[in-house]
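Have a look below at one chain only, the form predicted alone, in structure tokens format.
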């Protein structure tokens, strides 16, 4: 296949990407530097819209809170989801007969829309008729039958755990593929030298999984920073209860569509630009660090 034929095949995908992703991104970036009165664009504003995010209410309280929730969401998802995913992938790697079937079962929630998952778990965790609290009461754990989504102390952790439940199939599949590429001869040589199974995993298998761990970590960071559907399904656009499930994406939604402010387009575009810088900068820095570790392993 020559280059012209290859370009012919990728042109439709590039066109769709340009129209639906690149153009809105560039447009939002440009909107952030202008004054706005409703939908009418005014003069050049410079960094005024960005300054409003740091000095004007409600951004002075909502933005730090939402950013903290995004960070906690990433840390919680990263630790729980990836730890369980790696463990499950390692256990399934030893079950050749049932590995494919079990991987499919773990990945099934991943195929369902997050908004549907959110509404489903809202019903399951209902304090009045939800089966989760009913089951806890029947087994004698009445103290655990809590208003999970109505308590600010538990609502964010519910979002994290439900996200882990939905997306656990992604690291399972990725780590499973990475484990399949680890030469079995290396593990056998370590066992011959007297290494235990745990030592073999820590000293041989785990270092070879660093590229896969890095990929999952970066993608988890991007997903956590732009999460919208699941928090919206649980707490609405205001991040109920009491803003405990508020995320930057929800703040952007409120600013752009619910605030009614005359400069909503400018400030929401500035917020979207700021979020893009955080995601791009964080992903780029993490990728650079992981590449250094990969070079140390391979050298």
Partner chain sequence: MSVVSAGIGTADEPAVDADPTLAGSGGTGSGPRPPRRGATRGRATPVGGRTASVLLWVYAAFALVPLLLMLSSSFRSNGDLISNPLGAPWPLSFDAYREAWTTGNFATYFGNSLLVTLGAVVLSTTVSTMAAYALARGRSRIFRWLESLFLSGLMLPIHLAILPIFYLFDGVGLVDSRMGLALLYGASGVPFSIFVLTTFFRQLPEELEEAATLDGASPWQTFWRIMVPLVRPALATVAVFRFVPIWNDFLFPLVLLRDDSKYTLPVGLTQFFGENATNYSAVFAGLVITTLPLIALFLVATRQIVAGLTAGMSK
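The shown structure was predicted, so the numbers you read here are calculated from the model rather than taken from an experiment. Between two forms, the rigid core is the largest collection of C-alphas that superpose within 1.5 Å. Residue numbers count along the first chain shown, from 1.
Although not depicted, the form predicted together with its partner chain is the subject of the following passage.
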Heavy atom of each of 145, 186 and 214 within 4.5 Å of its partner chain in the model of the complex = no
Closest heavy atom of residue 257 to its partner chain in the model of the complex, within 4.5 Å or not?
-> yes
Classify residue 285 as contacting or not contacting its partner chain in the model of the complex by the rule of any non-hydrogen atom within 4.5 angstroms, answering yes or no.
-> no
Find out whether any non-hydrogen atom of residue 245 is located within 4.5 angstroms of its partner chain in the model of the complex, and reply yes or no.
-> no
Close approach of residue 228 to its partner chain in the model of the complex, 4.5 Å, heavy atom | yes
Report the residue, out of 79, 116, 208, 195, that has at least one non-hydrogen atom within 4.5 angstroms of its partner chain in the model of the complex.
-> 116
Can you tell me which bits of 13-31 touch its partner chain in the model of the complex, meaning any heavy atom within 4.5 Å?
-> 13, 14, 16, 17, 19, 20, 21, 22, 23, 24, 25, 27, 28, 31
Compare the position of the CA of residue 17 between this form and the one not shown after a rigid core fit and state whether the shift reaches 2 Å.
-> yes
